[in-house]
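Given next, in structure tokens, is a single chain: the form predicted alone.
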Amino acid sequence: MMQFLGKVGAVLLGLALVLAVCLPVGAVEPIKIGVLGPMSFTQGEGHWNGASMAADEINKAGGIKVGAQARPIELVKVDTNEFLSVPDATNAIEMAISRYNVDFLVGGFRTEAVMVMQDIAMDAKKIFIGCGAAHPELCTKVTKDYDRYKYWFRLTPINSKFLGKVDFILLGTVGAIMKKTLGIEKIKVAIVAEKAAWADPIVGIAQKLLPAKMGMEVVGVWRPSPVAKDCTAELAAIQRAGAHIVFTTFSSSVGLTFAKQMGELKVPAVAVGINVESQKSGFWEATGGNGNYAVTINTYARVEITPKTIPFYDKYVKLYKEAPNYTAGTYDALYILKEAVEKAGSVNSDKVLPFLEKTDYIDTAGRVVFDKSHDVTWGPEYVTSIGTQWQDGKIQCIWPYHWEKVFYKGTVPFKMPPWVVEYYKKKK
């Protein structure tokens, strides 16, 4: 029986890896790029869609020039199933490297899984551009043990530290608007974060920073499961606690559940923070419109972050019938790899590495310059990320709004949920 199960497992794992046709007919050896992600979830779809779009464009333009030869890209779809099983993720990346002989790796999502996959990639000396996991430790390893972790780079999202910084800017901005328009003397905040490692630093900092530096009161911390199907108990407790703002930190499906039920219950508070589900076009339909006014950090909206943003955004929507989420940053990862490979004239990791380290590239989300830890530089003139809000069925960019002289054309003002305004006017 065990032998039978082993064979079945091998077959299933093999099926999880699908070679994509993104190359023209010809005898030229392709450059194989493994795209890692939970392919049954929107985050994995984003990985795959972004990479496919870039590979198609690059191949149609002649491929990647390696020395005198133009080589096409061949993508390898690697279903890591990392939401549900870290061992599945390790098996998948091992197969991508050993059986499919990929030259480079992009993607990854859940920090707990990416930590392990990172080690496997480093052992194999494969350049791995992370396009999903946010924990700072992934890049701190590069500075602590450069020789071992030098092949790791993170492109998107910005790390938890800066996600937290933008989080707090959004929180402070919304809090200031609520104080002014509703006459609230002291803003009360409920911290709600999915129970996952990447969210821990944000929760810890929020508990200290809000009362000490931002003049806000923390009324409680709630840590639902990343895949919770019911958050009514948490929402009832938050409402009893009198929170004006719910500071969210969600990367997985609980963000959909929470936003939908918060809208259904008309909780008199504003949701601000990170909610990856609300970055999706389907969020509106999935919440039945109850996700209206939810605010999240985002990577993309139809605003002019760089000259490449709107053309990328529109083409992505046309191809996939939805807005790109941040894991679609694999699109930029492939172009950055292309540039480094062409400068190196090789696909050898050690030869490509120094050119990746010197990257100074305008991508669809900002100007990419890697720091010493191989993390993307954050701030004005570089990558900032953005804040978006659902406003009556549309994802609108609301931040940066003349922050540090940064304003992206197409950005609109934040809107207060009308039931929140009504609730506090009645309380006066």
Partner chain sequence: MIIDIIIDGLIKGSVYALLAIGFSLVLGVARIINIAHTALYMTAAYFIYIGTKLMGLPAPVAMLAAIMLTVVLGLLIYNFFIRPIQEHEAAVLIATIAVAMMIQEVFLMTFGGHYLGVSPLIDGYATFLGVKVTYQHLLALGLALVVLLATRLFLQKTRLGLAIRSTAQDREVANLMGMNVTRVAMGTMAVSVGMAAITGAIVVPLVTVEPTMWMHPLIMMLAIVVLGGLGSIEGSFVGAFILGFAESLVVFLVPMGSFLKDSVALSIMILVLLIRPEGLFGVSFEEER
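What you see is a predicted model; the values in this text were computed from it and never measured. Numbering follows the first chain given and starts at 1. Think of the rigid core as the biggest set of C-alphas that the two forms share within 1.5 Å after superposition.
One more form of this protein, predicted in complex with its partner chain, exists but is not displayed; see below.
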property: Touches its partner chain in the predicted complex: residue 162 (any heavy atom, 4.5 Å); result: no
property: Interface membership of residue 246, its partner chain in the predicted complex, 4.5 Å heavy atom rule; result: no
property: Residue contact check: residue 268 to its partner chain in the predicted complex, 4.5 Å heavy atom; result: yes
property: In the predicted complex, residue 378 touching its partner chain (heavy atom, 4.5 Å); result: no
property: 40, 233 and 239 each touching its partner chain in the predicted complex (heavy atom, 4.5 Å); result: yes
property: Contact segment among 215-223, 165-173, 303-311, 151-159, judged by heavy atoms lying within 4.5 Å of its partner chain in the predicted complex; result: 215-223
property: Interface residue in the predicted complex among 71, 338, 260, 126, criterion: non-hydrogen atom within 4.5 angstroms of its partner chain; result: 260
property: Contact assignment for its partner chain in the predicted complex, among 358, 351, 315, 195, heavy atom within 4.5 Å; result: 195
property: Rigid-core frame, C-alpha of residue 173, shift of 2 angstroms or more between this form and the one not shown; result: no
property: Exceeds or equals 2 Å, Cα of residue 332 between this form and the one not shown, core fit; result: no
property: CA of residue 200, rigid core aligned, shift of 2 Å or more between this form and the one not shown; result: yes
